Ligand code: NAD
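In structure tokens, one chain follows: the form predicted alone.
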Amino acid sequence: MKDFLYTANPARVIFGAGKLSSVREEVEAIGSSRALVLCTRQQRKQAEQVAELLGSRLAGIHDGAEMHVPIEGARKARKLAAKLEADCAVAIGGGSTIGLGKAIALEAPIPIIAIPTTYAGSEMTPVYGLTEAGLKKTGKDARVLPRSVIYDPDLTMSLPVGMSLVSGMNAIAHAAEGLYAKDGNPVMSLMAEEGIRALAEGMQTLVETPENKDARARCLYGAWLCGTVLGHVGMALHHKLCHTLGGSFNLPHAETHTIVLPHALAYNSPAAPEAMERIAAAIGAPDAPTGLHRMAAQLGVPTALRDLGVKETDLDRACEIALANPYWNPRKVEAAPLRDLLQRAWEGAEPQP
């Protein structure tokens, strides 16, 4: 058994149907009285619901959250928070909205309360990302870790099945890389395997019965576990590729993770056999990379980068960017096999080591 160091991130989680109603109590519990509610334009109605629950604790609503958190949008939100004298941010939505809250917290010492409506997992991590001049840069900072997270499965009932599935695959990616992370540990490995299993089971049920509340809750439970793993250990090749593709080519976050994951796992499979065994067991497949690729196809989610609008001529540039500043990875990241990985992901072919 390898040596490890385990330091737990502070976390307060409120999980259950109807728990959105506790948002005012959570704002008061952290000593705040002027909450800025963050959302995308599409989720304005949910933000207004939160605003009504906050009552006199509301400072305002900002519906400017965007995918990959462009620096311009972050600056605008920071100015508004200062103007409204907000002393906390309540982010309701997916990774883009929670990411905007983190962008504010990087510069202003205000806590975040996260209310996830997808399975992105950002709410459980001190990881942030900002996109500037076509490049997405990520980092870790304890200031951006949400103080409270409200998981209300009722809020995911309106999430379209297709988005639920790619969001779930995105969450699985967090846990999968956690199983071979350089700073991994047994506690996170247990969470990772259980999170992958919960999501795989929940998503397969959602395809057949989208209104199944238990399946929605199971997926949200899995997302919590997978997000917790991401918040405690480092990222590797898969996340580097997705940050590169998403930030530089403006690709949808969850769909990109869905497509790339089986190929990144195949690349790393020779160097991380135990992790592959645990992933395969969690999804009920003989092989992790192929099993995830086939599961994606069976779920009806995207399996090829070309279907997202990526041009084959973009692959060389993506490879160059990923190689320029690589994350730690269990297998050495080299140009030729990395370019082959991208080619197979672009084509939608089955993954190969």
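Position 1 is the first residue in the sequence shown; the rest follow in order. Here the structure is a predicted model, which means the values were calculated and not measured.
Omitted from view is the form predicted together with the named molecule, to which the following refers.
- A residue is said to contact a partner when one of its heavy atoms sits within 4.5 Å of a partner heavy atom; residue 253 meets this definition for the named molecule in the model of the complex.
- In the model of the complex, none of the heavy atoms of residue 57 sits within 4.5 Å of a heavy atom of the named molecule.
- Though the partner is left out of this view, residue 78 does not reach within 4.5 Å of the named molecule in the model of the complex, counting heavy atoms only.
- Under a 4.5 angstroms non-hydrogen atom cutoff, the named molecule in the model of the complex has residue 159 among its neighbouring residues.
- Contact annotation for the candidate site: 43, 102 and 125 all lie close to the named molecule in the model of the complex (heavy atom within 4.5 Å).
- In terms of contact with the named molecule in the model of the complex, the residue from 117, 269, 258, 244 that brings a heavy atom within 4.5 Å is 117.
- Only one of the listed residues (67, 53, 299, 315) places a non-hydrogen atom within 4.5 angstroms of the named molecule in the model of the complex, and that residue is 67.
- Partner contact region in the model of the complex: 34-42, out of 315-323, 280-288, 34-42, 299-307, criterion any non-hydrogen atom within 4.5 Å of the named molecule.
- Taking the named molecule as positioned in the model of the complex, the residues of 80-109 that bring a heavy atom within 4.5 Å of it are, in sequence order, 94, 95, 96, 97, 102.
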